[in-house]
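Heads up, the chain below is alone and in the form predicted on its own; it's given as structure tokens.
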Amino acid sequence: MEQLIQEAKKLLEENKVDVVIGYRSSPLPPFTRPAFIRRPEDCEQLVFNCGSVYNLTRYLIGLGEKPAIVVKGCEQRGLVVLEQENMLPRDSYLLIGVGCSGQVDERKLREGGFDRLPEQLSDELMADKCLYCDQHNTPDADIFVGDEVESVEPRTERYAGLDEFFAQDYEELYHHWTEVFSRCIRCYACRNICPLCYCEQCISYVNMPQWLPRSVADNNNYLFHMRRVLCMAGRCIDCGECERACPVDIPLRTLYKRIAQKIEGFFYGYRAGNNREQLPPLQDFNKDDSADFIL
């Protein structure tokens, strides 16, 4: 992406930003890794492809420098949420937008025996979130590089299968998730990689008082994950980083998508980060709310 390299060089040479946050090739191909470029001559390292899976917005909170950041359309929603929560003013960074027609799923690639990125990304290797993506470009970009991606019909429905799965009775669901969470090693990778988990003192870590037991046990793990689901209500942008980072393959997005589905249904079609002018449900008040879901 020559245009990306040139635009990044220009920003650094003109001292408009202190650092460009993007992607560079990884010593462990086929994927890329985050890059923090502070010198114009290092901009040649910048790349962008279907293996640029990391959500770079995670690095903006508390950075202490004026950054330009390479952002895909889906991840832009996280910046909107951070702005609405008064954590990241829009004028504190420059947004370099790129068109994205889909990202590869690391597990699908590995299971398929591939050791390099495909020349043409197929649905079979594409991340699940990309199969129903409706934001392939970055409308809020200060600088847009490359070609815009034409909108395509979603390959799957956003909440496909969730109603059927959660139609099971409470005991079945409890047994299922207790068994799934028994794999959790409490590494906190899901929490640490999330662009919207920015609390300096997370309730999961506090010892005095200790709100959540930190030992790895079924009930403790269940409590940790269910608390985090509630923390993400009305905030999760479905970037999928939590599930991708999980070393024991816990299907976290099933839970987060379910809570997003409920929020969307209860609160007038609200979807986190889609509309800067539409306040999140927990920041807003509408006297016409029916409150049926409470009763």
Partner chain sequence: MARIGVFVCWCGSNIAGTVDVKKVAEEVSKLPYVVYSTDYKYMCSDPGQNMIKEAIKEHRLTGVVVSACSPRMHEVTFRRTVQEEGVNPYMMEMANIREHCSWVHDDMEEATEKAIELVRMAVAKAVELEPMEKIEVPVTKRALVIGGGIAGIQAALDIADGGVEVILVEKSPSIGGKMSQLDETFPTLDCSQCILTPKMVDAAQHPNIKIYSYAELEELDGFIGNFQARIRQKARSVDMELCNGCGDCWNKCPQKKIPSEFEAGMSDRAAIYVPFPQAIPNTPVIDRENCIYFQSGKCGVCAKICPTGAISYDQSDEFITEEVGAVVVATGYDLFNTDVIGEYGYGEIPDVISGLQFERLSSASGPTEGKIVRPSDGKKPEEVAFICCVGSRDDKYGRPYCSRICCMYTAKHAILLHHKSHGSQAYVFYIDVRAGGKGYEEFLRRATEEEGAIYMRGRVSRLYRDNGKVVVKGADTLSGAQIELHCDMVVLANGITASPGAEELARKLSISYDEYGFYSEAHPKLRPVETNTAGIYLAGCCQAPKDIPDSVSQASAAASKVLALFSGDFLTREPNIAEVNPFTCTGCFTCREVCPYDAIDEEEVTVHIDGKKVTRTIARVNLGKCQGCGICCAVCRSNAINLKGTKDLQIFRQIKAFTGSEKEKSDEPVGSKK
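What you see is a predicted model, and the numbers here were worked out from it, not measured in a lab. Residue numbers count along the first chain shown, from 1. Basically, rigid core = biggest C-alpha set you can superpose within 1.5 Å across the two forms.
The form predicted in complex with the partner chain exists for this protein as well; it is not shown, and the discussion that follows is about that form.
Counting any non-hydrogen atom inside 4.5 Å, which residue from 92, 156, 192, 210 sits next to the partner chain in the predicted bound form?
It is 210 that has a heavy atom within 4.5 Å of the partner.
Residue among 33, 66, 253, 227 with a heavy atom within 4.5 Å of the partner chain in the predicted bound form:
The option sitting close enough to the partner is 227.
Going by heavy atoms within 4.5 Å, which of 112-120, 130-138, 146-154, 202-210 lines up against the partner chain in the predicted bound form?
Heavy atoms within 4.5 Å of the partner chain in the predicted bound form occur in 202-210.
Taking heavy atoms only, is residue 188 within 4.5 angstroms of the partner chain in the predicted bound form?
Looking in the predicted bound form, residue contacts with the partner chain do not include residue 188, since no heavy atom lies within 4.5 Å.
In the predicted bound form, does residue 231 have a heavy atom within 4.5 Å of the partner chain?
Residue-level check for residue 231: yes, a contact with the partner chain.
How about residue 244 - does it come within 4.5 Å of the partner chain in the predicted bound form, if we only consider non-hydrogen atoms?
No, residue 244 is distant from the partner.
Can you tell me whether residue 235 touches the partner chain? I mean in the predicted bound form, with a 4.5 angstroms heavy atom cut-off.
Residue-level check for residue 235: yes, a contact with the partner chain.
For the stretch 259-281, which residues lie within 4.5 Å of the partner chain in the predicted bound form by non-hydrogen atom distance?
Heavy-atom contacts to the partner chain in the predicted bound form: only 279.
Superpose the two forms on their rigid core, then report whether the C-alpha of residue 283 is displaced by 2 angstroms or more between the shown form and the other one.
Superposed on the core, residue 283 moves its C-alpha 2 Å or more between the shown form and the other one.
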